[in-house]
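Alright, here's a single protein chain in two forms, structure 1 and structure 2, each given by itself as structure tokens.
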Structure 1
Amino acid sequence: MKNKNRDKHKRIINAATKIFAQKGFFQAKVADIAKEAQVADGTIYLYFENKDDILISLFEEQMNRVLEDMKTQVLKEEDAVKKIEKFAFNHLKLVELNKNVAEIIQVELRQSSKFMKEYKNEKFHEYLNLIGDIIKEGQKEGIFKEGIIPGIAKRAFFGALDEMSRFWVLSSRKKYDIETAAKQISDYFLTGLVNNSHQT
């Protein structure tokens, strides 16, 4: 019984993930999701309050998974530099493995402040703070410059990765492979664009 419930809930979430990614929240019809999940339209409402609730639940659940994944991976690394590199690689990897989820989070999450005023996206902040914590740790260890403001740096780093993923998500084929992109981006942040050996 519990299993079947779980199963249907999951089927709906998965269907919604696919449909929302395909069409976007507003253009996705509840009927589309039901069809994809192979349940009746009404069944959706046994598991979710309304259309908004599907999106919110989807966020929560997927973000939970992503968060766990990332935490585990990052903790494996010892120093802050490695952690940053790992984060970059992992983020892009996760995006590749969950294109639909990524697309929704990228595209629809941004609207959250519009259509779900009360919904505070805590999971997202947790995710951002993983970066913030690495930076603070790096500063404590003297590896990262003192002047860096973690609240800005975490966003900058996330934004860089995010824009890269968007590029992938929205274009059909990848121009650069994950390893390259991750290495490039973490390198920019770690050592900068400027050529140190160059003398002006």
Structure 2
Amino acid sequence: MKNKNRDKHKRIINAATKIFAQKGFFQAKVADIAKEAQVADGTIYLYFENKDDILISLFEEQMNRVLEDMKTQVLKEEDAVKKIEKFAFNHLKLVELNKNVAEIIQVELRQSSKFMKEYKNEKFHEYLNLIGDIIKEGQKEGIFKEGIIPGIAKRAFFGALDEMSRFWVLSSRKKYDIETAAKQISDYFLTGLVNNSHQT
């Protein structure tokens, strides 16, 4: 019974991912999601209160995967500079590999008033803190400047990656490949972070 419940939940989430990406959050109907998931409309409400809850659940599941993947990849690097570069590359790579999900997170998610006003976005803060921890590590090792405030730097770095992701999602053509974009963004920030005496 539990397996059946999990299967239906997964089908609904996968269907919602497709429908939200195709029609947009506001235009999508619960009935559209139910049809795509091949379940009755009423079944949706056994798992979710409303469309916003489906969207938030979708986001949480994706963020769990992204967090685990990013932690694994970043931990492979020993140097804080390399960790920053790896974070940038992986972030942009995930956007390319999961285009529907990227569009939902970049565009549709921000149209949900429940998500923006009520949802405690703990997974996103954990994601940001990965960047902050790398910066603190670099400062401790003497690689990054002491005067850098991690709380500001992590949001600025993520903001640059987020804007690049948004551009790719909304643009029909990409002018830059992932490796070039990740390296450029990393270099911009590392130029401001790294002590002049530190050679990379």
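All values reported here derive from a predicted model rather than from experimental measurement. All residue numbers here follow the sequence of structure 1, with the first residue given the number 1. Whichever C-alpha set is largest while still superposing within 1.5 Å between the two forms counts as the rigid core.
In this comparison the chain labelled structure 1 is the form predicted together with the DNA, and the other chain is not.
The rigid-core alignment places the CA of Q184 less than 2 Å apart between structures 1 and 2.
With a cut-off of 2 Å and the rigid core superposed, A21 has a Cα displacement that reaches or exceeds the cut-off between structures 1 and 2.
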